[in-house]
Ligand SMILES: C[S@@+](CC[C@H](N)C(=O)[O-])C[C@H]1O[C@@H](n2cnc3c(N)ncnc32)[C@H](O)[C@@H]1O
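Okay, here we've got a single chain as C-alpha cells, the form predicted on its own, with questions on binding and movement later.
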Amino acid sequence: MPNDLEPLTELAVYSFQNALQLCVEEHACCDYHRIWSLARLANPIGPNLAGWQFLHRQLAILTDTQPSPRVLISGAADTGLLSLVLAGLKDSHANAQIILVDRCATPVRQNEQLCEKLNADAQFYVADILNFDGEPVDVILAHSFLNFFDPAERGDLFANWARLLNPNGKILLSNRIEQQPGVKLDPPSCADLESRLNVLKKVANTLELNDVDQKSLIDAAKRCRSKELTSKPAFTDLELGEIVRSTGLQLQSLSLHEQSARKGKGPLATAYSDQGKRAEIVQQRVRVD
C-alpha cells in the first residue's frame, strides 16, 4: 500500500501556512485547503485515499499496453492522488507523462514540491478543468471530485474530459454515488464533531503548532463543517447514465462499495446517506474509424 506520510506531514504544514495567500477568495476553498492534509494525517486508518487499489489496478492495465502513457490528474485536494499515481507507475516501471490541473494554486504548489522531494517529473497548471485545453491524454483520473460541481457543470466536465482523451482513452473515477437525487449531507452530531476535532488537535500537538495556529486550525475545521464543503447535489447513478449517453463515452465498468465504518472516518469525512456507496468507474472514449 502506498504511503506518503513523511512528505505529507511537511506539505500539510506548508498548505496550512500558505493557503491564505495562495487560495482565491471567490473560490471559498481556503479553509478546506488549509486543513485537508492535516485531516488526512488524523485519519485513523491512514492517509491513503479510498479506492487506491482500484486506481493501481487500472494503471497497471494501462501500462501493460502503453509504456509511455499521458496521464491527466483532474483536481487535487492535496498530494494524495499524485502520490498514488506515482506509486502505481513506479510499480509498473512506466515512463509516463503526468499532467495535474487544479484551479487553485495551493494544491498545485503542494504537488510541485512533492515532485521535487521525490525527484519526479510532472506538468502543473492552475486552470479550470471545465475549459482546460491541452494535448490529448491516455487516461484521466479524478477522486471525490464530482460533488464540487452542479449537475449542469458535470455534463460540461465530462464533455471536456472526453475531448481531452485520445481514442480508446479512459476516465478513472473514485467517487461517492447515490441512488436518489437531492440527497443532503448527513452532518455529525455535536459529540461526534467534538470527537473528530479532538483527533485533529492531537495532530496539531504532534506537529507542535502554537496555540494561535491550533485555534485557527480548529476554527477552520468548524467552518468547513458548518458550510458543508460539498454542498452540491449528490452524484447519482442515473446522472452517470445520462452523462454516458450525452458524451458518447462508454461505461466499461462500475463497482460499488459500502461506505467506510465510522471508526475509519477522518475529521472532515462526510456521508450523504446510508444508501450512498463509493463508486469505482471506468469510462472509455470509443474509437470511431
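All residue numbers refer to positions in the sequence shown, first residue = 1. Computed from a predicted model, the values in this text were never measured in an experiment.
Beyond what is shown, the protein has a form predicted together with the ligand; the following relates to that form.
Colleague: Among 101-109, 193-201, 162-170, 215-223, mark the stretch whose residues have heavy atoms within 4.5 Å of the ligand in the predicted complex.
Modeller: Every other range fails; the passing one is 101-109.
Colleague: Looking at the partner-bound form in the predicted complex, is F235 within 4.5 Å of the ligand by any heavy atom?
Modeller: Because no heavy atom of F235 falls inside 4.5 Å of the ligand in the predicted complex, the answer is no.
Colleague: So in the predicted complex, does any heavy atom of L49 sit within 4.5 Å of the ligand?
Modeller: Contact check for L49: yes, within 4.5 Å of the ligand in the predicted complex.
Colleague: So in the predicted complex, is the ligand close enough to F124 to count as touching (4.5 Å, heavy atoms)?
Modeller: So F124 does not count as contacting the ligand.
Colleague: Can any non-hydrogen atom of R34 be found within 4.5 angstroms of the ligand in the predicted complex?
Modeller: The answer is no: R34 has no heavy atom within 4.5 Å of the ligand.
Colleague: With the ligand left out of view, which of L84, A96, A76, I140 would have a heavy atom within 4.5 Å of it in the predicted complex?
Modeller: By the 4.5 Å criterion, the partner-contacting residue is A76.
Colleague: Which residue, D156, E116, E135, D128, is the contact with the ligand in the predicted complex, using a 4.5 Å heavy atom cutoff?
Modeller: Going through each option in turn, the one that passes is D128.
Colleague: Select from 146-172 the residues with a non-hydrogen atom within 4.5 Å of the ligand in the predicted complex and write them out in sequence order.
Modeller: F148, F149, in sequence order.
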